[in-house]
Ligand SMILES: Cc1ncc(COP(=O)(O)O)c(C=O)c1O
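So this first bit is one chain, no partners, the form predicted alone, shown in structure tokens.
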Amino acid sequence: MLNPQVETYLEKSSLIRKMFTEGARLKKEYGKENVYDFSLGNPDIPAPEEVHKALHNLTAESPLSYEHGYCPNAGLPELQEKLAKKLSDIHQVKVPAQHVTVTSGAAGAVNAFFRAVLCPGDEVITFSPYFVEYGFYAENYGARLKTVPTDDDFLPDIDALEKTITERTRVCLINSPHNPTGVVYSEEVLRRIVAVIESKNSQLDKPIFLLSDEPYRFLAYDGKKVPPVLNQYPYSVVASSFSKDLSLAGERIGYLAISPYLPDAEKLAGAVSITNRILGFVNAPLLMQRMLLKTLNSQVDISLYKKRRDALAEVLCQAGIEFTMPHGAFYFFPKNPLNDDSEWIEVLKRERILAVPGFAFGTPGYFRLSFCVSEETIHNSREAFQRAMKRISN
């Protein structure tokens, strides 16, 4: 009855679905406060007050026929202008408004871009571990995802990148700050990636796009700087959203921005506008676009996430769990103290801790913890993590 490819997706996601179901059961049985759910990267910090005020004013004042009809597929022109100005500051290059497409979240941006540039048989390269949906997005258009390993600190293996690129490589996809590791790529790392791509372009019929997926750009700690991308390489494109910085993950509002140095950039922008429509998005939610016109420079208090990060780091240290300190996003990706990912997730679950196994991100031997939870939950999980470690030492 189903597309065979989708059948395999159901099989791949069955463990995660089972975990979420089990989490609901545990919360019902033991009480929500006694279950330590670190599985979801779902922002729980309330949206900034400016967002609430803007939405209240818009819904109170909007004439329905004017405010809620269709708009251009690429977004409200005035929002494109404001986004372009903001992105020009971030990426240290003049981004024209027509190079910005407002999308249904970063996922909508990536899919609209892939639909515009990928052909069946093409390859998308990314670094492991990686956000699992990347593979699905590439396969939507007959392409396939290829992964490049990273070192012990989850930084890209540049030599491996060079060896992985083939004549079918169309996109190199980076994500910084990174899900699931929390790594922030330095400008030096970015330059080395660009250097490899540029050297390979001379051997290829089509240039390789550098796609930066960066919904966590604002979430960097310890003085880490997230370098600009659009000024680094002519064939660079940025996908992002307001899911994290405004805590609006469910409202599906984001954008795709194209480097002004890209040859035929206007043609690509026009193509993305069309694919934004024909994929069924039509245009990004209009109410959210109008809200952004009033709140584009707002964001949640990132110090709250840093406090949670530091608290969870202390909990993991006391439990004897090895990890690399995340300098961005809101995830830890600690080492699995057992050889088997599924077994370790079951051990944690016995202590009512919910986590995601590393193989779900293409890297067995680790597990992901999201600190989109209250500090109380983090502190209360302390003994549960310690009990889990004692279970496997006996």
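Position 1 is the first residue in the sequence shown; the rest follow in order. Please read these numbers as outputs of a predicted model, since none were measured by experiment.
There is another form of the same protein, the form predicted in complex with the ligand; it is not shown, and what comes next is about it.
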Selected contact from Arg252, Arg308, Arg170, His91, since only one has a non-hydrogen atom within 4.5 angstroms of the ligand in the predicted bound form: Arg252
In the predicted bound form, the one of Asn276, Asn175, Thr181, Ser236 near the ligand [non-hydrogen atom within 4.5 angstroms]: Asn175
Segment assignment from 126-134, 144-152, 261-269, 222-230: heavy atom within 4.5 Å of the ligand in the predicted bound form: 126-134
Proximity of His99 to the ligand in the predicted bound form, heavy atoms at 4.5 Å: no
In the predicted bound form, Ala106 touching the ligand (heavy atom, 4.5 Å): yes
The ligand contact at Tyr366 in the predicted bound form, heavy atom, 4.5 Å: no
Exercise: Tyr216 in contact with the ligand in the predicted bound form, heavy atom 4.5 Å: yes
In the predicted bound form, residues of 321-341 near the ligand [heavy atom within 4.5 Å]: Tyr331
